[in-house]
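Just one chain is shown here, as structure tokens, and it is the form predicted alone.
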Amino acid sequence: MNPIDQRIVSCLVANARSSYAEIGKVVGLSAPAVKRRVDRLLETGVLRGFTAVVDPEALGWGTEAFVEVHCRGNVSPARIRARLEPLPEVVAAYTVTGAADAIVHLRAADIGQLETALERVRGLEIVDRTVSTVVLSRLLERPPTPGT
């Protein structure tokens, strides 16, 4: 990615609804030239799509936790993913270094639903134990920006 592509991506991260003409004014290119670059960024996987950013609390998913998952034996990341994917409260999962095999981000409507989701995670045949941390407040959340 060259500096112009980085600026285009920055514009889209700031406002994915920006027109090619608006982005072109910022980066010094015509709208068709911006479109060609955006198409190329999509083809190469730099951009994976365009989406609305939704406040989970506004949708009734205001309770969240991060859960360390410790597996029984040697479990592949693909198998961990396959077991977690059907659980709607799992919004993200990561393999990590350290004692845990994975960190899981859960969102739920309330503590009761969170507890039920945790019980389902603990009930998976691959899980030996979990360590949960409930989020009290979000101090900082920002989208990734090019070049950082």
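Owing to the predicted nature of the structure, the values given are computational and were not obtained by experimental measurement. For every residue, the number given is its place in the sequence shown, counted from 1.
There is also a form predicted together with a further copy of the same chain; it is not shown, and the following applies to it.
Practice task
Mark Pro32 yes when one of its heavy atoms lies within 4.5 Å of a heavy atom of a further copy of the same chain in the predicted bound form, and no otherwise.
Solution key: No, Pro32 stays farther than 4.5 Å from a further copy of the same chain in the predicted bound form.
Exercise for the section: State yes or no: in the predicted bound form, is some non-hydrogen atom of Arg122 no more than 4.5 angstroms from a non-hydrogen atom of a further copy of the same chain? Expected result: No, Arg122 is distant from the partner.
Exercise for the section: Look up in the predicted bound form whether Leu118 has a non-hydrogen atom within 4.5 angstroms of a further copy of the same chain, and give yes or no. Expected result: Answer no; every heavy atom of Leu118 is more than 4.5 Å from a further copy of the same chain in the predicted bound form.
Problem - Contact label in the predicted bound form: Arg129 to a further copy of the same chain, heavy atom within 4.5 Å - result: Because no heavy atom of Arg129 falls inside 4.5 Å of a further copy of the same chain in the predicted bound form, the answer is no.
Practice task
Let me know which residues along 122-141 have a heavy atom within 4.5 Å of a further copy of the same chain in the predicted bound form, or say none if there are none.
Solution key: The stretch touches the partner through Thr133, Val134, Val135, Leu136, Ser137, Arg138, Leu139, Leu140, Glu141.
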